[in-house]
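Heads up, the chain below is alone and in the form predicted alone; it's given as structure tokens.
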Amino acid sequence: MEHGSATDSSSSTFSLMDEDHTLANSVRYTLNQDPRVIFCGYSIPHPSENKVNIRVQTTGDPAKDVLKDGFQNLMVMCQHVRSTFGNAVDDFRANKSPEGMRIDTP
């Protein structure tokens, strides 16, 4: 849900239900890397409530579009990390013998 001004689309607060610090901090980091973003921060209104408020202020672009781009950039980053980690695990398994992977031997 977007809470913003009808006349200024460059500043809005978005409420995300059933989310917590994990997504909010990640998208905050991603948005703060965007040169179109003047300010991005988030708050959790109450610890027992699974709700996050994300505030986005831009240089002029609609905050809704910038937030959408931030989520897409975050997805690309997560896919890259997952792929890189998967490749590293595959390489490790291919280059190590099963005996070398035992952790209970001195």
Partner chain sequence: MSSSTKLSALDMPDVPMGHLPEHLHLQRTRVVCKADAPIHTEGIQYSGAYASTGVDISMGPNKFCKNFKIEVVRLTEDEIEFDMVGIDASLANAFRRILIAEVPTMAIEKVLMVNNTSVIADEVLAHRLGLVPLNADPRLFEYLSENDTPNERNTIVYKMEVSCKKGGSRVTVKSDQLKWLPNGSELQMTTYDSSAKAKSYTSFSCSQDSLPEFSKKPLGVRFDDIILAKLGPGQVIELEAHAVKGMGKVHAKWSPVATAWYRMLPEVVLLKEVKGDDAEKLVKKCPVGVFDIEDLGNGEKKAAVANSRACTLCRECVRGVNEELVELRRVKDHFIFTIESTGAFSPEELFIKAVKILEEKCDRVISELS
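Bear in mind that the values here come from a model prediction, so they are computed numbers and not experimental data. Positions refer to the first chain, counted from 1.
One more form of this protein should be noted, the form predicted together with its partner chain, which is absent from this view; the next part is about it.
When contacts are judged by a 4.5 Å heavy atom cut-off, residue 67 counts as touching its partner chain in the predicted complex.
Within 4.5 Å of any heavy atom of its partner chain in the predicted complex lies no heavy atom of residue 45. Within 4.5 Å of any heavy atom of its partner chain in the predicted complex lies no heavy atom of residue 55. When its partner chain is considered in the predicted complex, residue 35 lines it closely, a heavy atom lying within 4.5 Å. Taking a 4.5 Å heavy atom cutoff to its partner chain in the predicted complex, the contacting residues in 14-29 are 14, 16, 19, 20, 21, 22, 23, 25, 26, 28, 29.
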